[in-house]
Each structure stands twice: as structure tokens, then as C-alpha cells.
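Next comes just one chain, in C-alpha cells: the form predicted on its own.
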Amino acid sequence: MEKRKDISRRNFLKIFGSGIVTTGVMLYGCSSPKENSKDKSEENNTNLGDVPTDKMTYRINPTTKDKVSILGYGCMRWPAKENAKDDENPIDQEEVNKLVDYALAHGVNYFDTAPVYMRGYSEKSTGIALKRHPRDKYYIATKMSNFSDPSFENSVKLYKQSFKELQVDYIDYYLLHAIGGGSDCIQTLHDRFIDNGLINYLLKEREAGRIRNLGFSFHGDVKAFDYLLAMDVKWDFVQIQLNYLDWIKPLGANIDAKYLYSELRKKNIPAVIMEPLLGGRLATLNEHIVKSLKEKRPEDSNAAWAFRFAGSPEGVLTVLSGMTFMEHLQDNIRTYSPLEPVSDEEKELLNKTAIELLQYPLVSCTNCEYCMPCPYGLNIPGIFKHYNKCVNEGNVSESAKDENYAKARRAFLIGYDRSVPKLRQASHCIGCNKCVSLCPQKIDIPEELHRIDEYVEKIKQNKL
């Protein structure tokens, strides 16, 4: 299939103006190509018998009465082929088919994609995998990603293209994609969906049955969230970011998950949850931070705690996870088969964990890659990922007098060069600030890159 220019990754992004690491699963979507090999997949299959097939927790959509699995499949990080060229489909369809088959067999029935995911090929790949199953066994969610050209004609073209790619004649859950972006979020909202007549068109499509549920995904300025909820439109669902760190709204944080959730509850609007792991940050934590969690539930992974928290609130319809590998899928199915809601005591433990986590100098990056591509070639998410990993592992020193300074210094510098090529490291940031308006987490990216680069230079010269 020819790559469509109107939904290129670059155009997608323009709209946004001391201890051992304990993990039950790897950083979701961040593993090496080697771990995506067929041998790895076959190795994981030896544990399939331990995963329940008939205990998945479901929630009922109050509008359509859909029985939706609490675990939803995010299709933004499908397994990729090794060495795929920039102008070709990067998705390993055989592996996608295996994951989809396994998910359906174990009770997962909600699949979330978008025209812009996986270089524009996610919808097509998801459609191929799901078409092999009866249409009434799954729900498809996709989005209006009209970032580069919000004209009515182009938007309708994108909408109709989704039906073709997914090989369906109706879409179960359709979203206005990434509400809250742009330097003026309200004007951007009007440009993309209101002034061009698109919302009225989509409402008519819902009346006709080609859209069964209409909603939006929120990523940025809360003014846009409030604006849409105040409109005279019945929203069937809304997709928000929710996890136990964003729930307490750290000082200066962009996301107030408790506010978003409570506003939806007031209107009885089901919530679809994204970023339950904050881009994997809550799956890989310092052993000291999660000590109380491990003492409470020794067998649970860090990810399981985060998914239990995200799925527990009443009104949550499904929790999305970008499960690239079989072990991710298996762990999450176990967590939700059935879901054991977090108790008040466990909520307090997670609250303390979140507060302690805030004491670490982590960058609040979720690896969404909205800041990419950098015009100067920096691998921004890769830099932040390595830095956060070293913080969690206790390999970011405060002083050269620290007991483990030599070991930490070596681990940081060698790992940095291995994970991020030198020409793509933080030292090459010129502070153009083009990435700042793109970040849904409102990270001052140049400032953080400068901070990391300054640290690197100090430990290189042993001047910390």
C-alpha cells in the first residue's frame, strides 16, 4: 500500500504548536528487536496454560450495552519487522495475528488504533488480524487524525479510509483525536472539528449507525476538555490519561487525572484509560520505592499494581495497553482475569509510592514520541528513557564521593552511547523550542536536555 502523505508522522506531530530495578514485565514497547524474535515468542508460549481463558472482567457501556473487556489492546506499538525501510510497512503481520488471536481467546475484545499509528499502517494491520474472526466478537476504536489538513473534504476522506483499512462497515468507537493540542487549544479545536462542520457530520454518521459510539481523546490543555464537555453533544465515552501518579497531580504537572475522571462521572460518561504505566515508567521502579508493594503482594508485578489502580474506578470502561510482546499480554490478562480492585489500604500504599517517586529527578516522558522527529536529529524519547532508567537503577550520582560513583558513572556513559547514537544525544540540542508545544506532558524539553547534557559532561570529566 502506498504511504499516505496526509497522515505522515511529521504531520501528526505538527498539531501540538539506589537499588535493583524490579519489574514483572519490560518497558512496554521498548524492548530490543531480538526479543521480538520467533524463538522468543515460542519460549513465551510455554506459559500459556497459566493464563485464564474465561475470567476476564467486563464493563457495560451504558449507551450501547456493549460488554467491553477491562483490558483494551492499544495498537500503536505492534511488533515491527527488523530493518524495515522508512517508506514501507514496518509491522510484522504474522506476530500481530498471533497476539490478536491470543487476546480474543482470553477475553480481550477492545482494539484501539488510529490512521497515524505505525507509520500509517496500524489500521490496515489491525483490520487484517481481526477480519479473521466474527465481527461480533470484538470492538474497534479508531480516530479522526486530521492534523495536517482539517478541511471537511480531507477529514471525510480520512474517515472513509478507516473503514477501508479496517475492512468494516461500522466503527464501534470513534474518537476526535488528541484534543487539547496547539498553541491555542480552543482555536485548534474549532479548526479541526467545529468550524468545518465535521462534528455535525460525525453526529449524523452516528445516527446512521456507521459510528456506534462517538467520543474524543484528551492529551493537552484542560480548557479544551471542559469546552467539549460543555457542548450540546452527547459524548458516549472519553479517553483520558489516568494512573496513580497523575491521580495525585504532582506540582506543576499537566495532567490531573482525578479531575478528568470526576468530570466524566458527573455526566455518566464512560472513561477509556490510556497511559496506565506512564509510558512504562510505573513498570520499572527502584526496589526501595516498591518495597511496601512487594511486601503486600509479592507475586504481583509493578505493572499489575498500576493496571489494577487504573481499572478499579467505577465508570472506567477499558484500560489500554500497547502490548508489543506476548509476555505483556499474558501479564495483563492475569491482572484482569478477574480484576481485584485496589483496596483503601492499597490506595494509600500507591499514594505513598507516588509521593516517593516524585523525589527522584525523573523526566515525565511517556515515550509517546509526539516531539519527534527533532529537526536536529536528537532522539528525545531515547535520551529521556536512558536517563530515567539510570535514575531508577541508582546510576545517577549526586557526588563523585558517592560509594558507587565509579560503577554508576560507567553504567550511565556506556549505556548512553549504546542506546543513543552520539549525533542524536542531548549535547546537540540548540534550544530551538520546536518540541515544547508538541509535548502533551508539557515538559520543557530543551531545559531537560540541557540538564542531562550538563550531567553527562560533569561525569565525563569527573567534576561532579
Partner chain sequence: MLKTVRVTAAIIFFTIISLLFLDFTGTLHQWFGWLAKIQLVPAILSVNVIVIVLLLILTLLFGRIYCSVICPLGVMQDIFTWFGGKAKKNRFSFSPAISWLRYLMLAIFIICLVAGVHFIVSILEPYSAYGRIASNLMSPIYDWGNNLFAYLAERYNSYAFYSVDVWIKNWIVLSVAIVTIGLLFVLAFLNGRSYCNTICPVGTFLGLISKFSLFRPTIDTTQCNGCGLCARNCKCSCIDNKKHVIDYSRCVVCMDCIGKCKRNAIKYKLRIDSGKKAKNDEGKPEIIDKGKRVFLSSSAIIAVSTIISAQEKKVDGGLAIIKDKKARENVTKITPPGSPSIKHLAQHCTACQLCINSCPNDVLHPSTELETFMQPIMKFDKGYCRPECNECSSVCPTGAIRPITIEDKSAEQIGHAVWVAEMCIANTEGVSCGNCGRHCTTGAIHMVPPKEAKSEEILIPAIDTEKCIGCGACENLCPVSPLSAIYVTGHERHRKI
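Here the structure is a predicted model, which is why all the values come from computation and not from measurement. Numbering follows the first chain given and starts at 1.
This protein has a second form, the form predicted in complex with its partner chain, left out of what is shown; the following refers to that one.
Since the chain is shown here on its own, which stretch among 52-60, 403-411, 435-443, 65-73 would lie within 4.5 Å of its partner chain in the predicted complex, judged by heavy atoms?
This holds for exactly one stretch, 403-411.
Taking R418, H428 and E457 as a possible spot, do all three reach its partner chain in the predicted complex with a heavy atom inside 4.5 Å?
Heavy-atom distance to its partner chain in the predicted complex: all three under 4.5 Å.
Mark K389 yes when one of its heavy atoms lies within 4.5 Å of a heavy atom of its partner chain in the predicted complex, and no otherwise.
K389: yes, in contact with its partner chain in the predicted complex.
Report whether the minimum heavy atom distance between Y376 and its partner chain in the predicted complex is within 4.5 Å.
Y376 belongs to the contact set for its partner chain.
Scan 436-464 and write down, in order along the chain, each residue with a heavy atom lying within 4.5 Å of its partner chain in the predicted complex.
Stretch hits, in order: H450, D453, E457, K460, Q461.
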